[in-house]
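Given next, in structure tokens, is a single chain: the form predicted alone.
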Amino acid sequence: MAVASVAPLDRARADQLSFCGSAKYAPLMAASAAGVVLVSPQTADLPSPAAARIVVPNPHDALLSLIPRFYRLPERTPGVHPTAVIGRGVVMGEAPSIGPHAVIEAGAVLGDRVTIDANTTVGAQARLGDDVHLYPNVTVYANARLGRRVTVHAGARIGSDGFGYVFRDGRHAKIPHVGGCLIEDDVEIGANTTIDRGSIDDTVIGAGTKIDNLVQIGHNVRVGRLCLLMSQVGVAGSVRVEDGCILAGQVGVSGHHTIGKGATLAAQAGVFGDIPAGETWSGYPARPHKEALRAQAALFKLPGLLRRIERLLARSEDDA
């Protein structure tokens, strides 16, 4: 059985590969036209018209290994486009790929095999490690440092000033930001995400952390290794996010708090204090997840309780 591409169960054709890792997708699998389906031991016996099913310990992991065989990334073409602007004293490693209208300002240092796409700006004295890829319209501010194999998607801003002001003499006086912005190895940063430089300290994103689109990280924040920050997360200044944390979509963290190692914040959680290591918190304001669920359940009971109270009050008035 030959397959040429990958597709979800509900849209796959006979010449495509799909996967099923959970029994909750049994109806989709039973109706799927996929030619080959990757299944786990738990889903291996689900009904399916597929010509072949392949049992693997984890279909998601197996798919991750197979996708590069079906979809080849465009090959890099080393070279510097004639419209690119290269400042004085720029140091480039081997085989750079610099796209149209890119700007690399004075004193920047680029490692080997760096790719800088169209209309991207790398500020003065910035440093990019080996195999960094900056997609179109990225701005890396002066003095920012990116480690090896960092990927920054379109429109992201790295190392901009943080939001810091002091009210003095009848106006908001800006606090100069002289700290750095350090992105460690193997970090991926989503489109239109912004990461501020530190005020006097550095903003640091730890190795292996993955940041989604539209995330805002304030000045002096330190995010640990192997964290996941999902879309529209906002992290205020001087927060510490320790290793292995997960911040789901639209989480907001107020300034100067610590998210303990391995903690998880559920979507839209509003954090106004420290979060203990290894715990899952949710809600607004964020509380331990089970406690937040109980509070939400109690809130949903209020309309019924109010109706009962109103009926009791009405009876009392009638009796009077």
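Here the rigid core means the biggest group of C-alpha atoms that line up within 1.5 Å when the two forms are laid on top of each other. Note that this is a predicted model, so its numbers are computed, not measured. For every residue, the number given is its place in the sequence shown, counted from 1.
Keep in mind that the form predicted together with another copy of the chain is not shown, yet the notes after this line are about it.
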Is Ser22 a contact residue for another copy of the chain in the predicted complex, using a 4.5 Å heavy atom cut-off? no
With a 4.5 Å heavy atom cut-off, would you call Ser282 a contact of another copy of the chain in the predicted complex? yes
In the predicted complex, Ala126 touching another copy of the chain (heavy atom, 4.5 Å): no
Is there a heavy atom of Thr120 lying 4.5 Å or less from a heavy atom of another copy of the chain in the predicted complex? yes
Listed residue (Val80, Val239, Ile175, Val109) with a non-hydrogen atom within 4.5 angstroms of another copy of the chain in the predicted complex: Ile175
Can you tell me which bits of 99-133 touch another copy of the chain in the predicted complex, meaning any heavy atom within 4.5 Å? Pro100, His101, Ala102, Val103, Glu105, Ala118, Asn119, Thr120, Thr121
For Ala297, decide whether the Cα shift between the shown form and the other one is 2 Å or greater, given a superposition on the rigid core. no
